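The chain below stands alone, shown as structure tokens; this is the form predicted alone.
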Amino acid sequence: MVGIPGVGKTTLLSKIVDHLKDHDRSVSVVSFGTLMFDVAKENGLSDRDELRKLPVSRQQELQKMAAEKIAEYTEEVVIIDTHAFISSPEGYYPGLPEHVLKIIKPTNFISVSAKPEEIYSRRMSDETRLRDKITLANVKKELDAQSGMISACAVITGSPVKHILNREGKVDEAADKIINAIGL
């Protein structure tokens, strides 16, 4: 499941996990970025928001290590919470490049979005993370980049992608669409 910051991915994941557990399914939600940060911390990095500022070659190493850990999960449903791209000094770097896709072997992709104005508002009110300054135009570019990146992932793997609009106040509706799309 991918989504740029502010689309409501965390809230959606909570709803989906509750549904799966209510139906006696074993489920794990894995934050790809958290796994990468755990590995990076072992090597001296102290701030998760610094991950995206690392050279691409270092990000690739960390992605590979995180993907290998994810591939070891044995639950019926493993949901990977990640981003379709990382905005790095070099440009947009894929969050799920081919070498990662080969390791994790995803069966479905969910691309979560929201109206750009809602995303902007959510980001501006999030004091839990150190975010780069953004504009509404930046949010629109990020949504376009996400769509392109996740579509490429679907082509590479042959797995379907479902685009979900997480409208303000309609999280249950979005969660139901995701659950139905992946057959749960």
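Note that residue numbering follows the sequence shown and begins at 1. Rigid core: the largest C-alpha set superposing within 1.5 Å between the two forms. Here the structure is a predicted model, which is why all the values come from computation and not from measurement.
This next part talks about the form predicted together with another copy of the chain, which is not shown.
**Student:** Please state whether all three residues E90, L96 and P160 have a non-hydrogen atom within 4.5 angstroms of another copy of the chain in the model of the complex.
**Tutor:** Per the other structure, all of E90, L96 and P160 touch another copy of the chain.
**Student:** Partner absent here, but in the model of the complex, which of 44 to 52, 118 to 126, 28 to 36, 152 to 160 has residues with a heavy atom within 4.5 Å of another copy of the chain?
**Tutor:** Going through the listed ranges, the match is 152 to 160.
**Student:** Would V56 count as touching another copy of the chain in the model of the complex under a 4.5 Å heavy atom rule?
**Tutor:** V56: yes, in contact with another copy of the chain in the model of the complex.
**Student:** Using a 4.5 Å heavy atom cut-off, state whether K69 contacts another copy of the chain in the model of the complex.
**Tutor:** So K69 does not count as contacting another copy of the chain.
**Student:** Examine A145 and determine whether its closest non-hydrogen atom to another copy of the chain in the model of the complex is within 4.5 angstroms.
**Tutor:** Judged by the heavy-atom cut-off of 4.5 Å, A145 is in contact with another copy of the chain in the model of the complex.
**Student:** Using the partner position in the model of the complex, report whether K141 sits within 4.5 Å of another copy of the chain, counting heavy atoms only.
**Tutor:** Within the cut-off, so yes.
**Student:** So which residues in 9 to 25, when you check another copy of the chain in the model of the complex, have a heavy atom no farther than 4.5 Å from it?
**Tutor:** Read in sequence order, no residue approaches another copy of the chain (within 4.5 Å, in the model of the complex).
**Student:** Return yes or no for E90: a CA shift of at least 2 Å between the shown form and the other one, with the rigid core superposed?
**Tutor:** Moves: yes, 2 Å or greater.
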